[in-house]
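Here's a solo chain for you in structure tokens, the form predicted alone.
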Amino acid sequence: MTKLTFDFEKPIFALEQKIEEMRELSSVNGIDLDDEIRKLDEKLRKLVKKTYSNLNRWQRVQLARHPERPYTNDYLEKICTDFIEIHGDRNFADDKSIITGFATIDKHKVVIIGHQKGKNTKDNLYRNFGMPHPEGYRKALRAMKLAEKFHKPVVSIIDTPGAYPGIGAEERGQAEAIAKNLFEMSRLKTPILIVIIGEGASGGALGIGVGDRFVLLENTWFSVISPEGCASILYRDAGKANIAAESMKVTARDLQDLGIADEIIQEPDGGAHRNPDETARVLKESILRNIDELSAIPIDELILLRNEKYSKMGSWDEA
């Protein structure tokens, strides 16, 4: 049972508590409540399915940020048989908000790059809340170049509220580091699979987010700015983030409708945080299938298709 409950989840949480109480009563007092519990379990299953299949955009943004939602390291533990981490950018420092290295997923040897958030306050401070510094993007680029050298596909896992906006990060070239990654990823001579597992905000996500396939878990979002940031600019009130999220069309389904997302991975009922093992299983299946398909395309053709993909996004008028 999850610790954090959003408003739309409260009826589910109340029913879960009632079922738990009945099970405890049955166990302690020896009362046969199996039929009643079965009925409530079925009611709970239907309520969960109904609730999570009718979420609005802001509710999906909330789910994407759920603190119990699996992060990059959680998935690596479940889908990789080994992972050799690469540290440092060979220039300034090792940014803990981005993890990267060589991994094995079934028969495939790949290079993994991913944002990493913390599970608690201490861990979040260590991981800088999943907000990379320039050295994080440079470490990621170092790993990409190794992937290119050794002909290994890149799997880039995105889950960040944005690149770190501090003075030190700006002094060390935050914008330049992100821009260089965009350029290098556009021509990297190896397949690149982008996977959104939580939130993908602004250049912080784009810095490791250019690739051949763009795959999102169902309850995720991706945008040039967070709903709070947009609301602060448009409405002068970050509290109107729910309104901004609806206008911005930030969800996985929106991105698919706009021709940006290539695939949406359905999450278990209730979201990834309610069944991490099943989420990891379907995510692994998607990663393996996409790597197989991308690896079958000649590299020169792959790069052309990659650039065509991004050239087709958006539209403009010439005055």
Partner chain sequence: MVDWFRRTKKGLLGTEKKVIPDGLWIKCPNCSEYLYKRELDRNYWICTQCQYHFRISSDEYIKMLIDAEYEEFNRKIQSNDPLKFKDSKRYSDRLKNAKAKTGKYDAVVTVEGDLSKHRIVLCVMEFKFIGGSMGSVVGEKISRAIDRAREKKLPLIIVSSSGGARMQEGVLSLMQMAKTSAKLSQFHEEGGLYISILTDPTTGGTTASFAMLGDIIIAEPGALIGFAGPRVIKQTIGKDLPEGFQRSEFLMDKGFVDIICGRSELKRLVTRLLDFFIEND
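Residue numbers count along the first chain shown, from 1. Everything numeric in this text was worked out from a predicted model, so none of it was measured.
The same protein also has a form predicted together with its partner chain, omitted here; what follows describes it.
Of the candidate stretches 286-294, 45-53, 246-254, 30-38, only 246-254 contains residues with a heavy atom within 4.5 Å of its partner chain in the predicted bound form. Proximity of Asp7, Ile19 and Trp58 to its partner chain in the predicted bound form is absent: no residue of the three has a non-hydrogen atom within 4.5 angstroms. Among heavy atoms of Gly88, none comes within 4.5 Å of its partner chain in the predicted bound form.
For Arg172, a non-hydrogen atom is located within 4.5 Å of its partner chain in the predicted bound form, even though that partner is not displayed.
Proximity of Val224 to its partner chain in the predicted bound form: non-hydrogen atoms within 4.5 Å are present. Its partner chain in the predicted bound form is not approached by Ala93, whose heavy atoms all lie more than 4.5 angstroms from it. With the partner omitted here, the residue from Gly101, Gly203, Pro161, Gly118 that has a non-hydrogen atom within 4.5 angstroms of its partner chain in the predicted bound form is Gly203. Proximity to its partner chain in the predicted bound form, defined as a heavy atom within 4.5 Å, holds among Asp123, Glu77, Asp237, Glu176 only for Glu176.
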